[in-house]
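Okay, here we've got a single chain as structure tokens, the form predicted on its own, with questions on binding and movement later.
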Amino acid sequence: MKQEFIFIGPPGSGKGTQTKILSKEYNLPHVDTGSLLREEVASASKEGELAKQFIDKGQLVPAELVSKIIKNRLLKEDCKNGFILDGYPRSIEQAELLDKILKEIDENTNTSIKVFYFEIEEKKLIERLVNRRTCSKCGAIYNLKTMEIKDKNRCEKCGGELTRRKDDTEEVAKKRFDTYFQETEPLIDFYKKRGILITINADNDIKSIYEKLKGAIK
């Protein structure tokens, strides 16, 4: 059976960490929308060139264009047994476009679709973002408050410098959280009505969250 997992939740809720672990264990491609858009722009593909025009102006890439890029990615050979979609959809409009994509690519295919919603309180999310650090070399993510780190300036995996993202401030984090819920909260009901939404308590340790995910997949 083809397995398709969709992850939704506010920035910093831990989706990225869990999807990477899940991708490795289940041998399914992790399709991160942000990374995918950057790759398209870097490759100077037709869609990438179009997306760049909007990005350079500080504008959002149109939903139709994003869906085209997503569709091209999901049609690749490594997605034939399923995929993990992270960061898409972010609105009802995108969800409806995704429905059309999946209806087309999954025709005559036995498919299981699950949507994981990472739920976390605003206060706790902001605290997590403010204390988040990223390795400038390998990209590993740490949290100065919830993780035991010998050297708070160095990555324990590769020794690279740990840096703080420019947008990981309380003010910016709150704006991102507010924007997320204005745009994405309707998706919760959208998928809940279909009976495929699984709510995950994101205010927990990595291992506990992953065990919850695995239990829901079985």
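So that the term is clear: the rigid core is the largest set of C-alpha atoms that superpose within 1.5 Å between two forms. Quick note: we count residues from 1 along the sequence shown, nothing fancier. Quantities reported herein were computed from a predicted structural model and do not represent experimental measurements.
The protein also exists as the form predicted in complex with a small molecule; that form is not presented, and the subsequent description refers to it.
Enquirer: Do residue 60 and the small molecule come within 4.5 Å of each other in the model of the complex, heavy atoms counted?
Expert: So residue 60 counts as contacting the small molecule.
Enquirer: Taking the small molecule as it sits in the model of the complex, is residue 137 in contact with it (heavy atom to heavy atom, 4.5 Å or less)?
Expert: It does not: once the small molecule is placed as it appears in the model of the complex, residue 137 has no heavy atom within 4.5 Å of it.
Enquirer: May I ask you to state whether residue 169 is within 4.5 Å of the small molecule in the model of the complex, using heavy atom distances?
Expert: Residue-level check for residue 169: no, no contact with the small molecule.
Enquirer: Is it the case that residue 181, even though its partner is missing from this view, gets within 4.5 Å of the small molecule in the model of the complex, heavy atoms only?
Expert: It does not: once the small molecule is placed as it appears in the model of the complex, residue 181 has no heavy atom within 4.5 Å of it.
Enquirer: Which listed residue (157, 193, 165, 152) meets the criterion of a heavy atom within 4.5 Å of the small molecule in the model of the complex?
Expert: So the residue touching the small molecule in the model of the complex, by this definition, is 165.
Enquirer: Looking at 187, 28, 31, 37, which has any heavy atom no more than 4.5 Å from the small molecule in the model of the complex?
Expert: Of the listed residues, the single hit is 37.
Enquirer: In the model of the complex, which of 109-117, 144-152, 96-104, 83-91 comes within 4.5 Å of the small molecule (heavy atoms)?
Expert: It is 83-91 that comes within 4.5 Å of the partner.
Enquirer: In the model of the complex, does each of 124, 198 and 210 have a heavy atom within 4.5 Å of the small molecule?
Expert: Verified in the model of the complex; spot residues all out of contact, no.
Enquirer: Comparing between this form and the one not shown on the rigid core, is the C-alpha shift at residue 50 2 Å or larger?
Expert: For residue 50, whose C-alpha is compared between this form and the one not shown after core superposition, the shift is 2 Å or more.
Enquirer: State yes or no: after fitting on the rigid core, is the Cα displacement of residue 192 between this form and the one not shown at least 2 Å?
Expert: No; that C-alpha moves by less than 2 Å between this form and the one not shown.
Enquirer: Would you say residue 63 moves between this form and the one not shown, meaning its CA shifts by 2 Å or more once the core is fitted?
Expert: Shift at residue 63: below 2 Å after core fit.
Enquirer: Relative to the form shown here, do the C-alpha atoms of residue 91 and residue 60 sit closer together or farther apart in the model of the complex, given a change of 3 Å or more?
Expert: Residue 91 and residue 60 sit closer together in the model of the complex.
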